[in-house]
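Starting off, we have a lone chain in the form predicted on its own, written out as structure tokens.
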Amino acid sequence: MMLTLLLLIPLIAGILSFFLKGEGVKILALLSTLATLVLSGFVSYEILVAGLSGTNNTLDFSMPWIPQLGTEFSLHADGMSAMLCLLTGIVMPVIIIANWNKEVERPWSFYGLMLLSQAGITGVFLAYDALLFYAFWELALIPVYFLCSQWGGEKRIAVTFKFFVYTFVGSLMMLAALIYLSTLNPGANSYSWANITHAGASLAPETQSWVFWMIFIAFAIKLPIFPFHTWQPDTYEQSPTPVTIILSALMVKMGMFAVLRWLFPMVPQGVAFWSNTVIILSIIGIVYASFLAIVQTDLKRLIAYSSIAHMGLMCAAAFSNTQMGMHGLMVQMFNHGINITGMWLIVSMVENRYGTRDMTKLGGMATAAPQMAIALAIISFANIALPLTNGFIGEFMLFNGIFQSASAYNIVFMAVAGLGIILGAVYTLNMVQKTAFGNTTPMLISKDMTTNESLAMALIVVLVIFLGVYPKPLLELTQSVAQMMVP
């Protein structure tokens, strides 16, 4: 029942939002997101306690859906999916709190679409039926498309169209592969996770090879990794900040989660055959995106390329097929979501006060707005994985996993990927210096964080420091899943 409530609360609240006016819609959005936060926290706690006690540490729910198609409404939560539901539960109320005092055109539509996207994202993390997974995959995309196209920047129409075409084409390829796999073993539950993964794993290696790309491209676009990333910087730049946070903190995790939950057990021989190729593409993305981030002057584009580099490292660790890398990946998915949310909130505050995101026109924030400058420094340290911040433990495990890979090129992979740490420090610290500690600009601001912004940022900073000093709960929550994926 708890799993269905995680979906129903944002879904029903999102539908109701279209019928409300005034402040009522914001109150409803905040209350519903807080409710899902509490519920996702309880689900994570239940799974954590069960895992520590040695009992079944999963939650399941299933009921008939469309039996004629061989599909069920089947939900499943283990440590990984519970962690990502918790991340979603944290990020959504933080977005609403941070934007509480900002005016939005047609708030009933804006918050309604935000909540519907939350329902779709949560559904992706919980779905245990392939057709249900696809339905939620698309449900998460459609509200974000309308949010970008209606509340985005000047170039929003062209950029959103590119984003939609990219993701929709990838989704259709994935759907075709899922339909093909379901026909191999038709029956009452032909789309169930067990049936789909068994059907795929039973295929000949050469068949798994092309099925791998049919499915992986959809996930690679969502991540995104090189060369499927070209929609991302423009979309992040043109989207309103709340939507950018959803895209970078949550929706990219859909792609990484889908690789682990569906792709790896579905075509294991295809994964083994193409793993080095994917690692090479991921590492190219790390270095390429890092160099592009260094030359950016727009804060949004800098952080967009930074996100590509971070996701490239996670993808490389995933395909290294080591337990350490897999465990670090799960931890880093959560921590990256927290850190990138904080970074986008800071960028939004800077833009609202200075009226620009151009770093060449910024400076002196530490004097005029010390709270913002301190928050920027802490989040930036986490972004470059400084020890005692939450970014350190996951990134250390990722590199350790790549090094332990059975590939003959593991040392080369780790060394080249390690450039991302150096380059990340260059562009991140350069951003901090120009924005907060540079020369005083004529557009110097005199307004620090508002009460609601301080509250939202305090939640992020507390998590950054707490999980940096004491990551044990997050490690224990995901440990059993990593051990199951790579015995």
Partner chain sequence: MTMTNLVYLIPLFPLIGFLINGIGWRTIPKSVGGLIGSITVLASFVVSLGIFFEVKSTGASSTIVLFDFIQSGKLNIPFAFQVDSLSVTFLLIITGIGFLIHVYSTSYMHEDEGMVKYFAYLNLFIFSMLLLVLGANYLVMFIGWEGVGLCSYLLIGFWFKNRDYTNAAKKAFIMNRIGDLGFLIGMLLILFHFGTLSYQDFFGQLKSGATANPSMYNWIAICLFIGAMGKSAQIPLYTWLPDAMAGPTPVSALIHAATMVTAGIYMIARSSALYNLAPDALTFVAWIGCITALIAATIAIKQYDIKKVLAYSTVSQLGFMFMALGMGAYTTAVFHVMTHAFFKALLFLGSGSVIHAMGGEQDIRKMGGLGKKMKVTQITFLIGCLAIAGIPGFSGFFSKDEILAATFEHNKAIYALGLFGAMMTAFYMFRLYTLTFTGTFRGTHDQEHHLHESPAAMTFPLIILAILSVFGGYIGLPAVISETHTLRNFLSTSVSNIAHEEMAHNTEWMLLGISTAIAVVFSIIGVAVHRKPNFVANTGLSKVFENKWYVDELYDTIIVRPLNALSDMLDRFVEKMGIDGIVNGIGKLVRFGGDRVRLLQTGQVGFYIFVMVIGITILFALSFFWIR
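From a predicted model like this one, the values you see are computed outputs, not experimental measurements. Positions refer to the first chain, counted from 1.
FYI, the form predicted together with the partner chain isn't displayed, but the following is about it.
Q. Among 462, 49, 27, 63, which has at least one heavy atom within 4.5 Å of the partner chain in the model of the complex?
A. Only one option qualifies, and that one is 63.
**Q.** Candidate from 205, 355, 186, 387 lying within 4.5 Å of the partner chain in the model of the complex - any heavy atom
**A.** By the 4.5 Å criterion, the partner-contacting residue is 387.
Q. Does the 4.5 Å heavy atom contact test between residue 153 and the partner chain in the model of the complex come out positive?
A. Heavy-atom contact with the partner chain at 4.5 Å: absent for residue 153.
Q: Report yes if any heavy atom of residue 280 sits within 4.5 Å of a heavy atom of the partner chain in the model of the complex; otherwise report no.
A: Looking in the model of the complex, residue contacts with the partner chain do not include residue 280, since no heavy atom lies within 4.5 Å.
Q) Would residue 8 show up as a contact with the partner chain in the model of the complex if we use heavy atoms at 4.5 Å? A) Yes, contact at 4.5 Å.
Q | Partner contact for residue 418 in the model of the complex: the partner chain, 4.5 angstroms, heavy atom | A | Heavy-atom contact with the partner chain at 4.5 Å: present for residue 418.
(Q) Heavy atoms within 4.5 Å of the partner chain in the model of the complex: which stretch in 176-184, 240-248, 341-349, 323-331 meets that? (A) Heavy-atom contact with the partner occurs in 323-331.
Q. Three residues, 80, 274 and 376; all within 4.5 Å of the partner chain in the model of the complex via heavy atoms?
A. Judged in the model of the complex, none of 80, 274 and 376 sits within 4.5 Å of the partner chain.
Q. Out of 117-155, which residues reach within 4.5 Å of the partner chain in the model of the complex, heavy atoms considered?
A. Going through 117-155 in order - heavy atoms within 4.5 Å of the partner chain in the model of the complex - the hits are 132, 135, 136, 138, 139, 142, 145, 146.
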